[in-house]
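Take a look at this one chain, the form predicted alone, written out in structure tokens.
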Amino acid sequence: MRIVFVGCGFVSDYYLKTLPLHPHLELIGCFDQDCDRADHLAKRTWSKSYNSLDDVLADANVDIVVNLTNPRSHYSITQAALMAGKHVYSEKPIAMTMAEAKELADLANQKNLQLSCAPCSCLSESAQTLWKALRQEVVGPVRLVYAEMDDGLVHKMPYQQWVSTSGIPWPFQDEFEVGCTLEHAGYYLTWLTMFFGPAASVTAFSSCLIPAADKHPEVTLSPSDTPDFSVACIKFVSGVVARLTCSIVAPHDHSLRIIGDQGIAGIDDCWYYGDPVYVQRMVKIRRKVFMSPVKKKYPLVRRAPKFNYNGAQQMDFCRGVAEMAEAITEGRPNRLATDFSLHNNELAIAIQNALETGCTYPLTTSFEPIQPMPWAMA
């Protein structure tokens, strides 16, 4: 399956590093408004540097467009690619508004094209192992989930020194302006919807706690009040309730705890594809019932691959693209299908837009049940 990267910025290096794990994906070219970036990536990969987006979309050899552009460009790039008959795998979010996201989903369906959205961490060894444990009811019926996506005081960190492998700076302005909820909440939203099915409603609160001038005194952020903290209580159609927090304020915490009648199952960090899954059991001694302090590892369904890069995460960024390619080739449903991606996009936008008034938002989208990865079925 022949793919093209549109957008050769910071995140493209992460996709490039894990591309060799998927030999059925062939990177045939790249495009970026910054010609130097595109030329540099093309030289590193012995691929083609396109002169324009039109040139990409006119190339009949291109099967999948991997949209790695600024989030506020996702809608226009994806729309153009779908109109040209290309499948699209987009970085998150699909679009900045639900109206635009639904328009793209309708367009993909009309043209019988695949449209998926990152993150793909729900396909990780840790996520698939945890899902297997839940199917086996190792902690009994699930009642409640606590998911955390807090990254610490980012504005106090030396973020202006953060660069990718090829030396591309971390796009701090985009990150602050788009916000941590749209950027990071999906890492657990996709897990939760995969485990428990569609959400029925979300009650959320979000707020901007760090003034724009404190995030970067020399750059004018627009908007200046994008939430840097959010919390949501999600009620799933299945009856499970989850609380999700997301911030660049609270101390780093990427943990997940799934609470059932017989104990807790969870992990410490969803950004590590091979993060151990643990189980804590309820213990009864005489008239007392309490949670055992002992965490027992639940065996991973398979060993996670080694990733050839350092950083705050160890994730296979290309796994979602590979899943799309395999679904197209095999003529089967994509696990990160359009309706699944759209539903998670709706959840993230509802949480982001809650602001300080708070709201209960009934979900308008849904999706069909998802199948586990084949290596996690046994």
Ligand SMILES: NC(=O)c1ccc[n+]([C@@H]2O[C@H](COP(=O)([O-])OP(=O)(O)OC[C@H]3O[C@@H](n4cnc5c(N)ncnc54)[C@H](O)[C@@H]3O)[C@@H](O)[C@H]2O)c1
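Since the model is a prediction, treat every value here as computed from it, not as a measurement. Start at 1 and count along the sequence shown; that's the residue number.
Although it is not shown, the form predicted together with the named molecule is what the next lines describe.
- The named molecule in the predicted complex comes within 4.5 Å of a heavy atom belonging to residue 69.
- Contact check for residue 367: every heavy atom lies farther than 4.5 Å from the named molecule in the predicted complex.
- None of the heavy atoms of residue 50 is located within 4.5 Å of the named molecule in the predicted complex.
- In the predicted complex, none of the heavy atoms of residue 228 sits within 4.5 Å of a heavy atom of the named molecule.
- Between the options 210, 154, 98, 77, the residue in contact with the named molecule in the predicted complex by a heavy atom within 4.5 angstroms is 77.
- Although the named molecule is omitted here, in the predicted complex none of 191, 236 and 245 has a heavy atom within 4.5 Å of it.
- With the named molecule left out of view, the stretch that reaches within 4.5 Å of it through heavy atoms in the predicted complex is, among 166 to 174, 145 to 153, 124 to 132, 213 to 221, 166 to 174.
- Residues of 28 to 43 that come within 4.5 Å of the named molecule in the predicted complex, judged by any heavy atom, are 31, 32, 33, 34, 37 in sequence order.
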